[in-house]
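Before any questions on binding or motion, here is one chain by itself as structure tokens, the form predicted alone.
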């Protein structure tokens, strides 16, 4: 069981992260909740006695998601009036009272959110991943077989169905409901014809976007004062309603071992994931890396293999986009980017022959980024 000091530290760290990444309201809400917790608010005592690691379990984001869900579905009108979109946050006492009232009135919602880890599907990361896919297509000259780990609702499996403006470069589908235009630094990524042969993903708890409550859950984990991210999510949901990717409920290591058991000729198989690796236990990481290593030994020009990952190398720095490609192996450090894909620093550059290197991370959950 965690100590109150650990819970306080988790809330302070998450509030700082939110403040530094364009969500001052969420930062303020978490600090108000923290002060209410320290004053002994009964509705928050379940958090004070949290049975696990409050950082690894993303405890502050579970609470923030519950509160946002109550606002989104109209069950917390007093709290909704503090939403920046409603005209302002008001004073701290009024915000605290509105928050506590919501928690006391709807304990079943709070319990539901606290019982499960946050489930996000940040589609802004497709703008980061795109350069990796075009790099693979340029080198392999083959259609792509997409295998996404931790795919959630599968929205980033639809990356080729979105439109992009990356600096002065335009690409993708100009008629798509979702147009991504991150702040871009550096040269444009390679220009290549990208054909997707197939797309599949896995997730421990896939989000079924045909269910209203699950769409609400996805939306609730977008920070309340980041309406541009909410608009992106809603646009991606509109695309997925027409072209829904296949996401299988499975452990990532089990699923990937099956997918990579036999090489598939005529396509470039692409294993990819984004802000996913740090949530895995060490044993699962080892099995995934071993499955990729085995498949890499069988890769050839007719059946190449790529591992594309947008992950934290260092929790104190921006996550990086890295690509390993076989036969080779060759590896690129293609870019660094803001965790939600809002700003991209493209490096590109020549590939270097290197040994396989998995993403490096500190302890699980060390970088809250939802």
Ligand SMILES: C[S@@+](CC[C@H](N)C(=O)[O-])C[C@H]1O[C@@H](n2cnc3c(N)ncnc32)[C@H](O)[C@@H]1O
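Residue numbers count along the first chain shown, from 1. None of the values given here were measured: they were computed from a predicted structure.
Heads up, the form predicted in complex with this ligand isn't pictured, but that's what we're talking about next.
J.: So which of 239, 95, 280, 188 gets a non-hydrogen atom within 4.5 Å of this ligand in the model of the complex?
T.: So the residue touching this ligand in the model of the complex, by this definition, is 280.
J.: Select from the listed residues 232, 158, 269, 152 the one whose heavy atoms reach within 4.5 Å of this ligand in the model of the complex.
T.: Contact check passes for 152.
J.: Which of 192-200, 136-144, 121-129, 295-303 has heavy atoms within 4.5 Å of this ligand in the model of the complex?
T.: Looking at the other structure, the answer is 121-129.
J.: Would residue 221 count as touching this ligand in the model of the complex under a 4.5 Å heavy atom rule?
T.: No, no contact at 4.5 Å.
J.: Wondering, does residue 252 line up within 4.5 Å of this ligand in the model of the complex on heavy atoms?
T.: It does: once this ligand is placed as it appears in the model of the complex, residue 252 has a heavy atom within 4.5 Å of it.
J.: Answer for residue 276 alone: is it within 4.5 Å of this ligand in the model of the complex, judged on heavy atom distances?
T.: Flag for residue 276 set to yes.
J.: If you check in the model of the complex, is residue 204 within 4.5 Å of this ligand, heavy atoms only?
T.: Yes, residue 204 is a contact residue.
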